[in-house]
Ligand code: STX
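The chain below stands alone, shown as structure tokens; this is the form predicted on its own.
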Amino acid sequence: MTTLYPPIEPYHRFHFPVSDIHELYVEESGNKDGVPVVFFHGGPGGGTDPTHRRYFDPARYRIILFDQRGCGASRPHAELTDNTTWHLVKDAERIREKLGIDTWHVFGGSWGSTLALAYAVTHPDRVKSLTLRGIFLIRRAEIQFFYQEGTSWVFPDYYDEYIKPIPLEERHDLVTAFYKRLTCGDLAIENEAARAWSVWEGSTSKLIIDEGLIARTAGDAFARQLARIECHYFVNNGFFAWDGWLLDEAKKTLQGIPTTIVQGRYDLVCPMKSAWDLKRALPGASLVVVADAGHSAGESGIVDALVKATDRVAAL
């Protein structure tokens, strides 16, 4: 089974102002003269990690990672002002232009798949290929399944912990109830809600529950950026014009772009129906269903499929 490439360090790191408020962390690693690839991380609000460099052959790729607005090493932390899908699409274009790149491969998982698709339908002429994992289209049914009722039937014990900060009378609309607390201005209340939200995601992301992942998602800084930014995007329907907009636009715009979809069969954060719907919209795409995986990009079968995909498209 294919594994991640060895750890590497960036050869270039910088902060890039993209507005009067926001300054992004950007890094490059791998081969300075290699084929460019941009990595769109999850969340929204998840941030990058050194492991993310390792899905790409460093001898062949010029690997560009950046922390999206409000998360990771970007500044200010957990900021919601001027933080929408379309700001992030413009940010990616600014980075491409700043680095003097004409076209690049685009890689994204979970929310990163959403952003990758939004970028690609806006700038299809800049995209050499799409490698997507754990497809998330920010449709209302997807949000309801994970944050309201669906995944709760498989993880009822963890779900009870997730909903603890929310009074019984508000539990009919958990996303709205969490957003109220995550933006209330009382740091203690915000942090309690953020931890519950983030740990729910960490608890359900792998086929086999990973206590280390749960502990990492419980950290205050990570939980705050993830919960506030995710909830902000979800109450605003991803800032798309209508429910299902992204799938509709992908079907119209992306037929000619080489696309690989990698999906865990037992993904309960972003269930396989969205990957299946995207494959039906893009019949030319390759869909790899990993039989023994959930949502996490770190599960061995997902790693195997993603690294094989990036190796394959490097020559395009």
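The first residue of the sequence shown is number 1, and the count goes up from there. Every value quoted in this text rests on a predicted model; they were computed, and no experiment measured them.
Absent from the display: the form predicted in complex with the ligand. The rest refers to it.
Engineer: In terms of non-hydrogen atoms within 4.5 angstroms, which of the given stretches 123-131, 180-188, 228-236, 82-90 touches the ligand in the predicted bound form?
Structural biologist: In the other structure, the partner sits against 228-236.
Engineer: So which of Gly43, Gly70, Pro271, Gly30 reaches within 4.5 angstroms of the ligand in the predicted bound form, heavy atom to heavy atom?
Structural biologist: Going through each option in turn, the one that passes is Gly43.
Engineer: Considering the ligand in the predicted bound form, which of Tyr158, Phe240, Phe145, Phe222 comes within 4.5 Å of it through any heavy atom?
Structural biologist: None of the others qualify; the residue that does is Phe222.
Engineer: Please check if Phe107 has a heavy atom lying within 4.5 Å of any heavy atom of the ligand in the predicted bound form.
Structural biologist: Phe107: no contact with the ligand in the predicted bound form.
Engineer: Taking any heavy atom pair closer than or equal to 4.5 Å as contact, tell me whether Tyr162 reaches the ligand in the predicted bound form.
Structural biologist: Outside the cut-off, so no.
Engineer: Flag Trp111 as yes or no: does it have a non-hydrogen atom within 4.5 angstroms of any non-hydrogen atom of the ligand in the predicted bound form?
Structural biologist: Yes, Trp111 is a contact residue.
Engineer: Report yes if any heavy atom of Ser205 sits within 4.5 Å of a heavy atom of the ligand in the predicted bound form; otherwise report no.
Structural biologist: Contact check for Ser205: yes, within 4.5 Å of the ligand in the predicted bound form.
Engineer: Judged by heavy atoms and a 4.5 Å cut-off, are Phe136, Glu201 and His295 together in contact with the ligand in the predicted bound form?
Structural biologist: Yes.
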